[in-house]
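In structure tokens, the next block holds one chain alone, the form predicted alone.
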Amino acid sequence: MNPWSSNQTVDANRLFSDFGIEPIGEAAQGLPDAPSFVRRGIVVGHRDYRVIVDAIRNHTPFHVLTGFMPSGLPHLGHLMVMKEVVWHVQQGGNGYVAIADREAHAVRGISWDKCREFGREYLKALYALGFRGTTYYQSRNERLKDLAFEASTKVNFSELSAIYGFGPETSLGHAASAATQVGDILFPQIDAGPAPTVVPVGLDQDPHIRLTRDVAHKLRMFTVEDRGDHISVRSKNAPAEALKAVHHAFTGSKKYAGHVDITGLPHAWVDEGVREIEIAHGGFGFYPPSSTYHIFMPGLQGGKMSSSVPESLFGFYESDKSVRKKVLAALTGGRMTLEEQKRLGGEPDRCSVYLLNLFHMLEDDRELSDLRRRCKSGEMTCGQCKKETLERVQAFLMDLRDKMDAAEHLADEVE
């Protein structure tokens, strides 16, 4: 899978079965109040999200991070990740957003000036949607660069080839951008301290998550293994003093060459104690990052939503005339004739207009349910639905633009 491609089909079932992504349902049941993108089946999978649910429920520290590659202006296709990040911040998460200008420059050849121009628009949109937290450009974050370099020492080109399909034609800059992405995902734990971290992404971005989880493990001094009748704390690259500290911290433990065995304590307690010792001896103590995965909203003309197909989406500052034309020309799930529509009803699950409401334009589940009912019963025509949806889109964009304009100074302050 190539996370930089805009023209790929993601096989969700294969990702779940081959790469260990779990369905979100059981984990999300623990949320005090599940958001609409979970309730409506937009976020479908996760890795290790239960630790985030626990942090939300228990009001303990956690981070949420995502990044945006500024290869163009933000548009409808970016809205879901933005909303997911904002929601997690509202639940108490420490918010982080990276503007991936090094990636855009290396992978897409975007000039640094354009990266800055586009990045500014992403930041305005995020702040307008309610984001509060830390934002940065990859190219200007020195601590990130140091962390990315450290991460690169734990990755070889064979691994990158296996994960991303890199070959002899892949530039070193492109390969380095993968290490920078690892640095981005781990950066909140450097900046604000080790804590569970969730990264909301589309299914196509899972390679970055898999790589980062592997690197986070490799950068730990110890592994903490539950052996059934005891917990084994095994040194990977820990200094001798750190291993001694583990032994002294747990009364009754037994120290051997390279590991300490502990009985009578839960794995979680030992894991936290070892993490604190590791940090005290100059280690990272990283938690492996968690992730959530959302499906993609189809384009307004059906098929993929892509900036290379302008009719498939609209930008946040696009003219009212253009937005109106695109929404009214959108592909629907209606029947061939009005008589068939009234007799058979529409097919909302095949309708880009209905899905636009499901993903973004109708917050109230009851209103969405009523829209679906009117469509399926034949009570509402596609033309009427488009007009109602256009009104919602216009109101949304007007409000968003006003807030983006008001947040302009915040975007200008980001280094």
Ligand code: TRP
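Fair warning: this is a prediction, and the values are worked out from it, not measured in the lab. We number the residues from 1 along the sequence you see.
Beyond what is shown, the protein has a form predicted together with the ligand; the following relates to that form.
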| item | value |
| --- | --- |
| Candidate stretches 66 to 74, 53 to 61, 358 to 366, 34 to 42, one within 4.5 Å of the ligand in the predicted complex by heavy atom | 66 to 74 |
| Contact check for 103, 181 and 205 against the ligand in the predicted complex, heavy atom at 4.5 Å | yes |
| Partner contact for residue 199 in the predicted complex: the ligand, 4.5 angstroms, heavy atom | yes |
| Residue 138 within 4.5 Å of the ligand in the predicted complex, heavy atoms | yes |
